[in-house]
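Just one chain follows, in the form predicted on its own, and it is written as structure tokens.
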Amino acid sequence: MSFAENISKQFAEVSNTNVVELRKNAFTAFEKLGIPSSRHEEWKYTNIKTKLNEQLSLTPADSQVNTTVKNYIASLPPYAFRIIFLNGIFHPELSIVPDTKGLTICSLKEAFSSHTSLVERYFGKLINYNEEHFAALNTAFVNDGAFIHVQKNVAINEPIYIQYFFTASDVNAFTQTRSLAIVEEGASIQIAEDFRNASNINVQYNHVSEVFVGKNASIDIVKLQLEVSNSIGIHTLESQVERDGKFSASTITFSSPNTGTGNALIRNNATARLIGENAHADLNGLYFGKENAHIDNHILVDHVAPNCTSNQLYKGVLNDESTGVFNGKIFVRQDAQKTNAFQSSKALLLSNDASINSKPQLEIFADDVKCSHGAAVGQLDENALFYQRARGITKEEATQILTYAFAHEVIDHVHSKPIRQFLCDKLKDELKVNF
């Protein structure tokens, strides 16, 4: 069976479940786009086509809870809100969703039937499935996901922790996961999305998040990719920010030692569109690559309205034969006067075999703006290493301390205190530092 026949057969099984017209349009778009190769400019340095199997299985995989999942959940900090997904399927018996006035948290499957008007108004409205290959595939095949709605002027102080586990026994499984967050005027919320491989084989998944930030509202999103060495993960984050709104997104990627067959690839697409005056966006990223991991971050901040501000800060630490990609773009439209936009990408190479492709971009069509970008790639400062070694610190310890100082700046941008502390501890464990 050809790739096209395989995909068409599977789509026939899901096409009539919900949002039928949107699914059909997205599938038609994907049939034209297909899986991108390195010939596509946006995928020039990440040849995903050679990684994915031809006979992909896109229908929901087995969602039986195994011991690994249970043990991990038991070790989680006592978050007030905990939403658990296994192979894209919501598990209410493992989740903690307290009844909170002005806040709705449920599965997308439930939202399709119980919150129809909101789903019809927002679902699929931010993604451009006519150009984005995997966003089109996800929209056509998504079965379940997280739905979060914060009503006007409601402030949620505790972080919403969403855990995605993957335990697929089928090596061809390509799980489609989704989240939709709607933050109305004057409201605020913090969300953490955590992606984990809970099986002893490589997993493949495709996640899409849509985030709507209302007037004078704020949202802080942390995307945790902490054990990616046995994963192929495609992440798409699309956000829209209205007047005086604030959007912050931090993507943290750690490539743990490989125990699988070596398919270690993470692609992060993050877009923030500032459509109202005085809107602000922070997009930050920290990534650690080991062995043959490949980590690709593609960022776009689209300044549509005037008097808006944005910052991009991405830092990478690459070791062994790992590779990184950073493609960050600031797009300033003609009407977006008085824009202040800044971008910084820095990568630390700890091995002669590690590498990164960095492509900062500015496209400016307004004449009264302040925009800058910068990219730096290098090794640790020899003088700084010598300074510490002259005071009795070993070379290994000095390397760990300097790397920690380099990376910690990104973690400081995480607003949620418990998640920030969790990441500090994770960073210390990763670098084996004790202070």
Partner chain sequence: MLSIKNLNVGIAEKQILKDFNLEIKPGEIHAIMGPNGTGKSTLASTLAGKEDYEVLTGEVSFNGKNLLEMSADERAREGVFLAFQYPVEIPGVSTTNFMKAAVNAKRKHQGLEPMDAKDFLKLMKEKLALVEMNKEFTSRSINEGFSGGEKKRNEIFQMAMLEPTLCLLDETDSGLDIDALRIVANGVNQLKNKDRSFLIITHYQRLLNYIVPDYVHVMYGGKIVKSGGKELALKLEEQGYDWIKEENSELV
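Positions refer to the first chain, counted from 1. Computed from a prediction, not measured in an experiment: that's the story for all the values here.
Omitted from view is the form predicted in complex with the partner chain, to which the following refers.
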None of 39, 395, 32, 70 but one has a heavy atom within 4.5 Å of the partner chain in the model of the complex; the exception is 395
Heavy atom within 4.5 Å of the partner chain in the model of the complex - the one residue of 57, 399, 28, 388 that qualifies:
388
For residue 376, is any heavy atom within 4.5 Å of the partner chain in the model of the complex, or not?
no
Going by a heavy atom distance of 4.5 Å, is residue 384 a contact of the partner chain in the model of the complex?
yes
